[in-house]
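A single chain comes next, written as structure tokens; it is the form predicted on its own.
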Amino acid sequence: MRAFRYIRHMVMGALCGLFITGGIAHAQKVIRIGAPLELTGKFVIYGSQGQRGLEMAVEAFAGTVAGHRIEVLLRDIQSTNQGAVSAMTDLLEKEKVDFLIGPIASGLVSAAVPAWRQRKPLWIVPGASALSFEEAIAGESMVFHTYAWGYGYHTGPANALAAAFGKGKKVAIIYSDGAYGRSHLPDARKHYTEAGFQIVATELVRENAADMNPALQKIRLTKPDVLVALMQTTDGIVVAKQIHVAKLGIPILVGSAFPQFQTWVDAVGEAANGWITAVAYLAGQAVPADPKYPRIFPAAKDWEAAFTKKYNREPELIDAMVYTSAAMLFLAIDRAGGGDKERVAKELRNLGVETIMGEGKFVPTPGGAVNQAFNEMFVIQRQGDKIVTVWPKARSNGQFKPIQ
């Protein structure tokens, strides 16, 4: 059996009914969007949110853009490098798509780069925070990155904690051995050191490790004030549970990504209390509608209400990120008058819209990425059953509470 399969289904929404994959010929002109996503496996939390975001974006355009029907070709990459490469190859060599959205996870996106280079379609990447990916796409005009780079997960928390508790505090770092953890480690060291912290321990754990206690016990001996965990999804579940059970007594816990996800909270229960992270999106923020395109980019509260009604749950980061990224792509296709990828790329670069993620405008980065949007992040802490924004001060609605 092939490492991926077509996912054939119709999504019937309030405005349209069109979310298709397969090789069926249609008389009506179509815009075909390849969507290689993590629909099963370790990173299914990313892929499932990505699929919802795509569905909402197709509905916002009533299934049609520039007189063409939107056809999304979903591929399950199974959260593996091989699956990512196979899906990318199929979409580009067999399906000949000119537009891609996904994957999300850093390692899987990086694994897909060589396959992407064979045809270089317009590629929207609403994920992949690893700076190794930024290096890989330096100078590539057809890659549009819509996710904060890894340093955003460290500059905010480091500066916020230094402001709250003073300099000279001790920091321990635990990181996973895959592309994600290794790529975040240099930035974590750099930004916590620059903020005035002392790095007293750096411990490596294997991805998907069932037992992180040996590394945690080594960290306990250094008596840190802050523990920074550089890992994703299931590894974040394991480390949070084992820290809680071991009663390490570390007052400040920082996760590079996982503390923002409700699925992580559901998995770890009371062990979620006190964790800190940086986020680019959080439901409930007062973000206004775009004045020119209020139907596509409504006020955040209205979009969140529509999402909650459709899925019976609040949207999370990737839901919002993929919706916004797809909607910007569809708008650029509409403004370009069709599916010529060079014209669409030009329209994307010229976009300046207000979205639920903030200002949607692509700019170059110092690291060489040609098209970057949504790099601003703010810091939150889980305090009991609440999420409190603690940084920057202009946006905060509470203060840090060390774990007792």
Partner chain sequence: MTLLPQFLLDALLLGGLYCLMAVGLALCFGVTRIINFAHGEMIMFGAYGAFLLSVHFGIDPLLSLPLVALGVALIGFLVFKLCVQRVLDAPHVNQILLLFGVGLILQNIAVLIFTGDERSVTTAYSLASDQFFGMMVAYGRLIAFAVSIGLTVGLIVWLRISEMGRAIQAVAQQRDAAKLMGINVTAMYMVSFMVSAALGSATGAAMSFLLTITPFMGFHILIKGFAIVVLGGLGSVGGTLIAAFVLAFVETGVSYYVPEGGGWAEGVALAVLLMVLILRPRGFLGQAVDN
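Predicted model only: the values in this text are computed from it and were never measured. Residue numbers count along the first chain shown, from 1.
Only in words, not in the display: the form predicted together with its partner chain, which the text now covers.
- Only one listed stretch (106-114, 260-268, 83-91, 144-152) carries heavy atoms within 4.5 Å of its partner chain in the predicted complex, and that stretch is 260-268.
- Although the partner is absent from the chain shown here, 40, 211 and 244 each have a heavy atom within 4.5 Å of its partner chain in the predicted complex.
- Using a 4.5 angstroms threshold between heavy atoms, residue 206 counts as touching its partner chain in the predicted complex.
- Not displayed here, its partner chain is kept clear of residue 370 by more than 4.5 Å at the level of heavy atoms in the predicted complex.
- With a 4.5 Å cutoff on heavy atoms, residue 221 counts as touching its partner chain in the predicted complex.
- When its partner chain is considered in the predicted complex, residue 217 lines it closely, a heavy atom lying within 4.5 Å.
- None of 292, 190, 313, 120 but one reaches within 4.5 angstroms of its partner chain in the predicted complex through a heavy atom, and that residue is 313.
- Contact with its partner chain in the predicted complex, judged by any heavy atom within 4.5 Å, is made by just one of 238, 282, 306, 73: 238.
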